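In structure tokens, the next block holds one chain alone, the form predicted on its own.
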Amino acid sequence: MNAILEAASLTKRYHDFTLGDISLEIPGGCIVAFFGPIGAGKTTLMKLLAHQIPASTGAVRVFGLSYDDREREIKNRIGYVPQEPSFYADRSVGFNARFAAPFFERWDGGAFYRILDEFKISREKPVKHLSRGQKTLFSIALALSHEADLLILDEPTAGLDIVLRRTILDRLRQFVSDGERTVVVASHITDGLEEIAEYVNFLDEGKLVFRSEKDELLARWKRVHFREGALSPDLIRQFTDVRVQPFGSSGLIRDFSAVREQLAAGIAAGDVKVENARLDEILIAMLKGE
């Protein structure tokens, strides 16, 4: 695996919170998602990976380069969208774009305004009159307009309606379609991102507690629907998130391959049905330690 981004023993300490000892490698040509509850450390990690704040310990390398001696070169190739974008609030969208443009060697003003029109944001509108979602869209338009090789996005779909959220997700999928560029995205909700992410990471209380290829994760975790009496009590006790309903029950199993044979008879009889678990169900079960 050729890593486009690497973190080694990365730590950030605040007086009341520590993001602790994060080590990871992110390959090129894919979408990598970091999920976790609010306060888990996702925003801190995104800021560290984009070198918006200094690390307490550890190091980050991007494109095989170190921020210590190649920061300008690296940031020229990154599109960073923070959770709360910061602009000149009293000035127009167009002014803010013109201010940002000289920082990027490959800035494409035509592409920027085409994306802005797609997002239905007026270039003449003062930034202070944009909604939170519109500010995020403006920030995404900037990130997509200088031929970046890596996007680092913090809660990019927050505050967006379902249509714009789908537009952003499609844009991200298109961005990595050449097999060379990469998206790193953090979110406290999985809505839509579970469809496009190829790698899933889970943060909780400042720790990276889980990492997996998404397809591998979904192959292990399944939701099993069963009629009363179709499964043994011992087998049901292995389920988590058991839901009892009038016409049958269901539960999550964390290792489907381990119980496949025990379910076979019920499946053949039509008393048991197995379906893919949703990513949010899996992450909630992990958060609860189930």
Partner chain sequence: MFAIARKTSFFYFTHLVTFCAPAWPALLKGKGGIISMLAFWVPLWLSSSVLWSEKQESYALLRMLPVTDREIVRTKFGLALAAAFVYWLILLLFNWWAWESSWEYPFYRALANLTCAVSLPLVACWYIVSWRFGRSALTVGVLAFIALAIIPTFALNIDRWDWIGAPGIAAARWLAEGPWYLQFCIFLIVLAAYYGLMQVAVRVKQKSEASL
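Residue numbers count along the first chain shown, from 1. This structure is a prediction, so every number in the text was calculated from the model and none was measured.
There is another form of this protein, the form predicted together with its partner chain, and it is not shown here; the text below is about that form.
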Original post:
Is its partner chain in the model of the complex near all of 167, 221 and 256, within 4.5 Å of a heavy atom of each?
Top reply: no
**OP:** Counting non-hydrogen atoms within 4.5 angstroms of its partner chain in the model of the complex, say which of 210, 175, 95, 113 makes the cut.
**Re:** 95
**OP:** Go through 133, 192, 82, 126 and name the one with a heavy atom inside 4.5 Å of its partner chain in the model of the complex.
**Re:** 82
**OP:** Work out which of the listed stretches, 34 to 42, 226 to 234, 258 to 266, 50 to 58, brings a heavy atom within 4.5 angstroms of its partner chain in the model of the complex.
**Re:** 50 to 58
Original post:
Within a 4.5 Å heavy atom cut-off, is residue 171 in contact with its partner chain in the model of the complex?
Top reply: no
**OP:** Give a yes/no on whether residue 188 approaches its partner chain to within 4.5 Å in the model of the complex, heavy atoms considered.
**Re:** no
Original post:
residue 72: heavy atom within 4.5 Å of its partner chain in the model of the complex?
Top reply: yes
Original post:
Is there a non-hydrogen atom of residue 139 within 4.5 angstroms of a non-hydrogen atom of its partner chain in the model of the complex?
Top reply: yes
Subject >> Within 68 to 107, the residues that have a heavy atom no more than 4.5 Å from its partner chain in the model of the complex >> reply: 71, 72, 75, 76, 80, 82, 86, 87, 88, 90, 95, 96, 99, 100, 103, 104
